[in-house]
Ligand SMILES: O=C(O)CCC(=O)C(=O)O
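This document opens with one chain alone, in structure tokens, the form predicted alone.
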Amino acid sequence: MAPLTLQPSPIKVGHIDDVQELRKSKLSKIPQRFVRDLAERPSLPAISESCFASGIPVIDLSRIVNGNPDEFYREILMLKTACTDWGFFQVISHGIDISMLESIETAAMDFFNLPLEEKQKYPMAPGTVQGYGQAFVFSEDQKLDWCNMFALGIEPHYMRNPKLWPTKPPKFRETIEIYQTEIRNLCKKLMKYIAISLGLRGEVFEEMFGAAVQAIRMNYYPPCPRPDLVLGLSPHSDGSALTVLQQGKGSSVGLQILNNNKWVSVKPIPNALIVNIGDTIEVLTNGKYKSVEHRAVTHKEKDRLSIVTFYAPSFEVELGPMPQFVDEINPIKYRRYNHGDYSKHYVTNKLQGKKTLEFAKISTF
């Protein structure tokens, strides 16, 4: 997701059912707009022990920040493996207080449990990615995700749309502000150590990114009577540099990543944060670290909450492969472009695997 606020456009998306309201109605049949084509449907059981991605590395951030030289080196190597082989990792001992994680989950669920008419005071207009509703819908016949979203631009402040910041529940705004400050600090640390894992100066990305862009999106997936027919979130890679995901305590396992052409489920470690690299890092490293396609599946009986933060360069920044990653063996794969232009491209296309990254690829024909 690229956290842009675009002007509403005359996009006709048709009627979009609110999935929480569908759940309340105890529907016997899934509306056709949510039913995926056969090739897109998740195989069931979608979640089983054999489907878990057991190899996803776990990074103990305290060993990098405060560990001895051997611990530091081991964790940096683990981080390199995570970015090279998976594009995903889980972070433990990340420094964010557990009470803060609990507070943001409570705030998010309190918002999603508000009456529909209250949530609809903050509508996500077609063609935009802030507010309440469904993002990345651009036509009346497009398949919908079994998900309700609420998203806000956080930094820089000009991205904020004050009309979309809810007055209810109490302390919702305050909780988001505190949480996002903590996540921003975490992202800066992770970008530093990712740079080191690449053999670069730790500060190189922070200097390059300028006033980094940040956005939050809360996703709520109610139980679905036919999880074999729907997707919670369509397959995609992220347009960000880093994405940090917190899964609600007690939620169903829903995140799946594409690894070796197979969809595997990510089972969150309690109180850990799940991190993935986005398209921006793939471009900067000329494909050394690749963004990874991922999706969300639903559960018949359990709901799922995820709170996602996107961290990306300033919209004014020009990006392209860094010279350290281009040589005769690894020729340049991506052109230089303005990150704001890429962000606009990202949010004006439906989620469709890694197709949006074609914007930056150099044609070999």
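So that there is no doubt, residue numbering starts at 1 and follows the sequence shown. For clarity, every value in this text was computed on a predicted model and none was experimentally measured.
There is also a form predicted together with the named molecule; it is not shown, and the following applies to it.
- The stretch among 303-311, 33-41, 325-333, 65-73 whose residues place heavy atoms within 4.5 Å of the named molecule in the model of the complex is 303-311.
- The closest non-hydrogen atom of Asp238 lies within 4.5 Å of the named molecule in the model of the complex.
- In the model of the complex, the named molecule sits within 4.5 Å of a heavy atom of His294.
- At the 4.5 Å threshold, heavy atoms of Ile154 stay clear of the named molecule in the model of the complex, well away from it.
- In the model of the complex, the named molecule sits beyond 4.5 Å of every heavy atom of Ile194.
- Note on contacts: among Ala107, Ala272, Leu164, Leu245, the single residue with a heavy atom within 4.5 Å of the named molecule in the model of the complex is Leu245.
- Note on contacts: among Lys119, Arg217, Lys189, Lys80, the single residue with a heavy atom within 4.5 Å of the named molecule in the model of the complex is Arg217.
- Contact residues in stretch 255-272 (any heavy atom within 4.5 Å of the named molecule, taken in the model of the complex) are limited to Leu255.
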